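Encoded as C-alpha cells, the following chain is the form predicted alone, with no partner shown.
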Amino acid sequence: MHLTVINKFKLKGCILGVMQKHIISMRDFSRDEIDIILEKARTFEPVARGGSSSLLSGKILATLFFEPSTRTRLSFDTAMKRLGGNVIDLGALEASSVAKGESLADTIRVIASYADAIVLRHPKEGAARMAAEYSSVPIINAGDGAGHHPTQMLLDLYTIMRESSLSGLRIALVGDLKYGRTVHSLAYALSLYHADVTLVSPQQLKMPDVIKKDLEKQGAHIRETTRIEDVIGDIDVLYVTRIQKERFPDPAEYLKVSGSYRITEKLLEKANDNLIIMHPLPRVDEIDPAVDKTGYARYFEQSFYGVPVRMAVLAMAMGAK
C-alpha cells in the first residue's frame, strides 16, 4: 500500500494524519484515511480563501505535466504557495530534456533531488506508479491516462460533503465512463460510503466490467442506463463528464458518441430541488451555460475546493508537523 498514515500532529487544535508516501490511486486509501484528508481540507479552507500559512515554508513542490491542465496544475500551485512553499515546474516539454529523449525514470530521478514532492500527470496509464519506483520523494498522481486521478476524487468527495451529503447518497455518473479517470477513482471511493450509484453512458462508453465487479464486491449499489431522463428525479448528485476526444484511438468512434448528453434547464424541470450538478471540467457542450445560473450548478465551487483538498494532500505527503 503506497499511502500510509505515519503519525499525528496538531493544526489549530485538530488532530490530523501525516503521510510521507506516494499517492497513486484511490485504491491506496481506506475510508478512515479519506475522512482524515477531508477533515484536514476543511481546516485549510479559510487559508485557501485568501489566507496564508507558513506550514510548508522551505519546502519545494515540482510539477510535471505531460498533458494539458488548468485546474489541477494551478490549484496545486496555489495550494503550495498558500502554505508558504515554493513551486518549480517542468514547463513545456519541448523546452525540457524530454524533447531530447530522456526517459521518465531519469527525469524523476533528477527532479526528486530538487524537490520535496512531485506532482505528475502523464498520458500513459501506470506512469505514476512506475515513477514512484524511481523517486526518493512522494509522487502525487495528477492523472495517468485513463487510469486514476486520486486528488480529483478527494475534491469531488469534499464537494459532495460541503454542498450535499455523503450519507445515503444517490449519485449518477454521466458521460465517458470507459476512459474517464475521474469517474473511475470516484466510483471506487463512493463504494466505501455505500452510495447508490447509477451509471449513465452510451453503450460504447460503459464503465469497464473489471471496475464494476470490484465495486459490487465492496457492496456498492449499481445500476446502468443510457438515459439521464430515467434517473434525474431520483438522485442527489448529477456528476457530468465530457466525452474525451483525446482518449479515442479512432476519431470516427468519437464522432459516434460526441454530444450524447446535454444538461439543460428543461431537463432539470424533473430534478429534485436539492440536486447538485458537478463536473470535473473542462466542459465542451455537455452542460448548457444557462444552467450556470441555476441553484443546481456546483462545478465552479467544485473547482475551488481543489485548493483546500490539495493543501491537505501536500501537507500530509510532505510530513508537515
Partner chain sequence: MSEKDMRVRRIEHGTVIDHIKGGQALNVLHILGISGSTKAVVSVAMNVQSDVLGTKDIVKVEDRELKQEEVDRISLIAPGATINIIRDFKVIEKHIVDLPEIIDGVVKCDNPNCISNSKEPVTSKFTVNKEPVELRCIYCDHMISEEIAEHLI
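Numbering follows the first chain given and starts at 1. Just so you know, these numbers come straight off a predicted model, no measurement behind them.
The same protein also has a form predicted in complex with its partner chain, omitted here; what follows describes it.
Screening 227, 124, 223, 81 for any heavy atom within 4.5 Å of its partner chain in the model of the complex leaves a single hit, 124. Think of it this way: in the model of the complex, its partner chain has a heavy atom of just one of 204, 103, 113, 165 within 4.5 Å, and the residue is 103. Although its partner chain is omitted here, in the model of the complex all of 27, 145 and 181 have a heavy atom within 4.5 Å of it. Proximity of residue 77 to its partner chain in the model of the complex falls outside the 4.5 Å heavy atom cutoff. A residue is said to contact a partner when one of its heavy atoms sits within 4.5 Å of a partner heavy atom; residue 134 meets this definition for its partner chain in the model of the complex. The closest non-hydrogen atom of residue 129 lies within 4.5 Å of its partner chain in the model of the complex.
In the model of the complex, residue 196 stays away from its partner chain, with no heavy atom inside 4.5 Å. Residues placing heavy atoms within 4.5 Å of its partner chain in the model of the complex fall in a single listed stretch, namely 116 to 124, out of 83 to 91, 116 to 124, 232 to 240, 167 to 175. Annotation for 190 to 214: the only interface residue with its partner chain in the model of the complex is 214 [heavy atom within 4.5 Å].
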